[in-house]
Each structure stands twice: as structure tokens, then as C-alpha cells.
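Only one chain is shown below, in C-alpha cells, and it's the form predicted on its own.
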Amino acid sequence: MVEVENITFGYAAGGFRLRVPHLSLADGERLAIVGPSGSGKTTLLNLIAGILTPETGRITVAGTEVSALPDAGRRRFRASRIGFVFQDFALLDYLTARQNILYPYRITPALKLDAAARARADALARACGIGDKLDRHPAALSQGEQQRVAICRALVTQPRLVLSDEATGNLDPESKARILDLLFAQAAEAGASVLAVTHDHELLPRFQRVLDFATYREPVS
């Protein structure tokens, strides 16, 4: 599902630089990435999603070399094939929870916003415990509720790859287990792989493989 080969990346402001010689994720695999803050975990997710592009190397997702696509092509690919749960949620304040969940359909012509998609959005919201809050705007939701909206948005298109950046970070233990169950069940139904960044070591036994990014990546001076 994912192949990362000899990528290097650095921000324009300087300082942090990243080199990852190789990383792979199999079809349907659940992989957790752990490591200290600042080690590049979120940067890696953004590179795989095509939000950032590497300076060198290549990134392939589901047979498509995402790193070689133009900006518009990466956006289209991400919206239709990748579900991303952002650490800061990235919800749009002027949209309701339901509209935020369905947002990928608003920006990607290849996705058809039909009755099935709307029903799936409502079903995901109910499963996440926010079915009664779909008409509220983000400002009227708690942090945990906003996070659940973000999770529903990542799953609603039935993506081939789910990228999760601390998806359960603001939830209580019972909700964490329920959300992770939902995430894995929806991924399995769609035949999707899950790549998750987490600081919660209690969740690691739920994954098939765990990667310590502090020792796996290679810093570049």
C-alpha cells in the first residue's frame, strides 16, 4: 500500500531535516509509529499524504507515485484515496459537523455525494457518539467531539489508506477503545491500511506492527 524510498526533506526555515531510507506498509496492515516530539512523525504523514513533497526519493501509495504528482493531482488523490485524521482536526468553522464530514465530496468531483454517502456520514457519526450533534458548528463542540468529526471525515470516503495523527489524543479511555474499534472495523471493511502516529503506548498492542521513529529515521545535518 505504501512504499517510502530514500526520502529527504527539510523546511524552508531551516533547522529540522529528515531522511527515511525505507518504509513500507502492506495492504490491510495496521502500523503504529511512536517517538519523541520533533522526531518527524507528523512530517512523514504529511509527505505520504502529498501535503508536503520530498526533496529527494519517492513515495508510492496504492501504486501511484504521489511524490511525482503536481499539486492539484496530489490534492485529488488525497481526497479520494486517503483518509487523514489531523492532530489539530482541521475542521472548517463555517460548516456544520455533517458538512465537515462530507467536505471531501465538496472538493473532489470524482467523489459522488449521493444518498449512500450521506447515510454513511450519519452512521459514522452515530457510531462515534456525535449523531445528535451533526447540525452544530465546531465552536459548539468540545475538543473530543471535534476530534470525532475529524475521524468520521477521514473514514466517510472509504479510503484505501488511513493516516492518523494522534486520533485518540483528546478522548477518555472508553472512547479511545470505541473509536479505535471503529477505525479498524471501517478500514477492514474497505480493505484499507492504517498508519497511526500515537503517544499512547496502551494502544500499541492493538496494532500489528510498531515502529519507533526515533531510531528508525536517519537525521541529516
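Counting begins at 1, following the sequence as shown. Computed from a predicted model, the values in this text were never measured in an experiment.
Not on display, but discussed next: the form predicted together with a small molecule.
In the predicted bound form, the small molecule sits within 4.5 Å of a heavy atom belonging to S39.
At a distance threshold of 4.5 angstroms between non-hydrogen atoms, T43 is in contact with the small molecule in the predicted bound form. Partner contact region in the predicted bound form: 30-38, out of 175-183, 54-62, 30-38, 152-160, criterion any non-hydrogen atom within 4.5 Å of the small molecule.
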